[in-house]
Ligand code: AMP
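One chain follows as structure tokens, the form predicted alone.
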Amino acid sequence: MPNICVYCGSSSGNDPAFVAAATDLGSTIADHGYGLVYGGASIGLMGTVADSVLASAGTVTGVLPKSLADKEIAHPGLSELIITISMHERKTRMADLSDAFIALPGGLGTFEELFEIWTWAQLGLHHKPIAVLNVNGYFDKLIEFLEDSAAKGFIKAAHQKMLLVSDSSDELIGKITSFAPPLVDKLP
């Protein structure tokens, strides 16, 4: 079974639309026959998306560093919970287990994970689709900033366009399914 990795917050944010979107994304992932790979917590949007996949009879693999197992409250009902030694091992394991990546709203950790996996794609370390579910315009300013960075010559347009964006879970899964990686080198 192919897996989609979801990066998202260990909190739920302050807009009920974030929880609704995480719930919808989870059921959409399962309904399209994908498994979920995520950070392994039972709290915040992480717990919401996992619960939704499980409620839709999907498979969920959580990957959680030992140091965070208590802080982020490891989800007790997962198909599989992998405990790692470090954050680096966590991110590497999540990437290895996944066929695509989606970011939901989240904080610094979510941004760091999104940018790292995107950088790995830019460097040609993988050719997997990367997407954001743009709930209530959460990523609008980031997308605008990235477009400006591309316009100023710091990001190749092809690399900037690698990021798939939608406010619809179904549409985002469709974009992931039809994704073709750009044929462009990192260096000029």
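Residue numbers run from 1 along the displayed sequence. The structure presented is a predicted model; accordingly, all values stated were derived computationally and were not measured.
Another form exists, predicted in complex with the ligand; not displayed. Remarks below refer to it.
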Open item on the list: So, a 4.5 angstroms cut-off on heavy atom distances: do all three of 24, 27 and 54 pass it with respect to the ligand in the predicted complex?
Closed with: no
Open item on the list: Just to confirm, with a 4.5 Å cut-off on non-hydrogen atoms, which of 135, 162, 146, 68 contacts the ligand in the predicted complex?
Closed with: 68
Task: Residue (of 89, 96, 80, 112) lying close to the ligand in the predicted complex, criterion heavy atoms within 4.5 Å - done: 112
TODO: Evaluate residue 11 for contact with the ligand in the predicted complex, applying a 4.5 angstroms cut-off between non-hydrogen atoms, and reply yes or no.
DONE: yes
Task: Contact flag, residue 85 vs the ligand in the predicted complex, heavy atom cut 4.5 Å - done: no
Task: Heavy atom within 4.5 Å of the ligand in the predicted complex - qualifying residues of 33-50 - done: 46
